[in-house]
Every structure is written in C-alpha cells, then in structure tokens.
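We begin with a single chain expressed as structure tokens, specifically the form predicted alone.
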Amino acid sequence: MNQTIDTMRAHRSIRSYTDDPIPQTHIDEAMLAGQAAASSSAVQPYCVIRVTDNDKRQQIADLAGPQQKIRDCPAFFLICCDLRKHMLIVERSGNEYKTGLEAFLVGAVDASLFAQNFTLAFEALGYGTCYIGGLRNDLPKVNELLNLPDGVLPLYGLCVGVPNESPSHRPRLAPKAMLFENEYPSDEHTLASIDAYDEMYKEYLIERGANPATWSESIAKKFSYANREGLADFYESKGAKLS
C-alpha cells in the first residue's frame, strides 16, 4: 500500500484527546497542505479561524450539541466560506459586487477541498480530528461570538489533538455502490447495495455495544424532516446569494 493512501484509509473521527498542545509549526504545515488543494480559478474563497478563547469555545460547545470536545480539544478551527476578500477587492476597484449561487457553491466546495487536505495533514502528523457540523445549529450566535464581517460564512468546525481513544472504523458502502459507469444504476441495484450494507452496519453497531439498527433506518429518520431551516436566511444576511 501507499503511505498516503494508508493514512487516508486510517481516518476515524476522534472525540477524546490528550492535553498535549499542537506546536504552531504543525499548524503551519497543515495550513500549507490545505492551501495546496485545488481552487476554482485560484479564487481561494475560504478562511480558517482558530478559536483560542476558552469562554467562546465553551459557548460554541454548548450550542453545537452540546459537544464538550470543542472546548477540551487542543485546537479548534472554524472552516469558513470567505467572500469578504472578494467583496473588498471589487469595492476597491470601483465596481459593484454581484454574484449568484455559483459564488457560494465555489466557496463551500473550495473550503471543503482545503479542509480535507488540512485534516489529512494533521492525521499524517499523528493527530486525530473530528468535523463539527453542529456548529450550524446557531450560526447567528457563532457570528456574534466571533464578530464576523459580511462575506465570512461559517460552514463547520474541526477539532484536532493527540488521540486519547482508538475507535473502530465505521463501515462504508461498497465502492461498487458508489462508482458507476456512464449512467446511474437502476433503483433495484441501488436498493440491493443498500440492503447489503445495512447488515454490515448493524453488525458494526452491535460490536460497539450500540443499539442495533440499520443504516437505512437512520437515514429514513434523518431525512424525514427539514433540519436547520434558518441557514439560507443567515447566509443571505451575510452577503451570500442563494438564487
């Protein structure tokens, strides 16, 4: 196996960390690795905010779940779509900043490409990581806490630290259920792949001592209602155009 692929395949979400600090040199290395990711037309529409203030981190931990690991991990970062730099450039040029949904999509995609490189770099250095989607539970509060200007749009958080646990790997759908040739498969093929995965997923939960349930059951529950319905209004209030 290739060392890079080994590192990628070894990924697990780590939720418990030692107190060991992360040297700034390692953060700098991870930043350079993150920035090496592809960026559409090199517009680089993202930024990272490291939250070091303990009170702010505790408030974010509370609103995100609560998820105390946000406060307790050695380093916590916000991954943001950053349209602010573009707004300032356009304003300085004397033009009017005009965008549509495309600019937001490019920002979210490029930020995620950055974040995956950023995360992989930390894991290659021996750290554990955990993405925090719960950050979006109350974006107006996050916005207020961090005094974010228009154009800076938080997407999710990232905890980083030396692992203090070694959880098993959560199984994924088989590659053949995700990689298709020329066209999307029939619904029968898709459902058959899901049924096979459900049995594997249920066994994984039993081994972890969790309530046995299939992946389908969790998905049916998760997508039977709209979640975080205020996101579009928040992002548009911060300068994103979603139509």
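Every value quoted in this text rests on a predicted model; they were computed, and no experiment measured them. Just count from 1 along the sequence shown to find any residue number.
As for the form predicted together with a further copy of the same chain, it is not shown, yet the points below apply to it.
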### Query
Does a further copy of the same chain come within 4.5 Å of any heavy atom of residue 52 in the predicted bound form?
yes
### Message
Taking a further copy of the same chain as it sits in the predicted bound form, is residue 164 near enough to touch it, meaning that at least one heavy atom pair lies within 4.5 angstroms?
### Response
no
### Query
Looking at the partner-bound form in the predicted bound form, is residue 68 within 4.5 Å of a further copy of the same chain by any heavy atom?
no
### Message
residue 194 versus a further copy of the same chain, in the predicted bound form: is there a non-hydrogen atom within 4.5 Å?
### Response
yes
### Query
Relative to a further copy of the same chain in the predicted bound form, which residues of 55-94 have a heavy atom no more than 4.5 Å away?
56, 77, 82, 84, 85, 86, 88, 89, 90, 92, 93
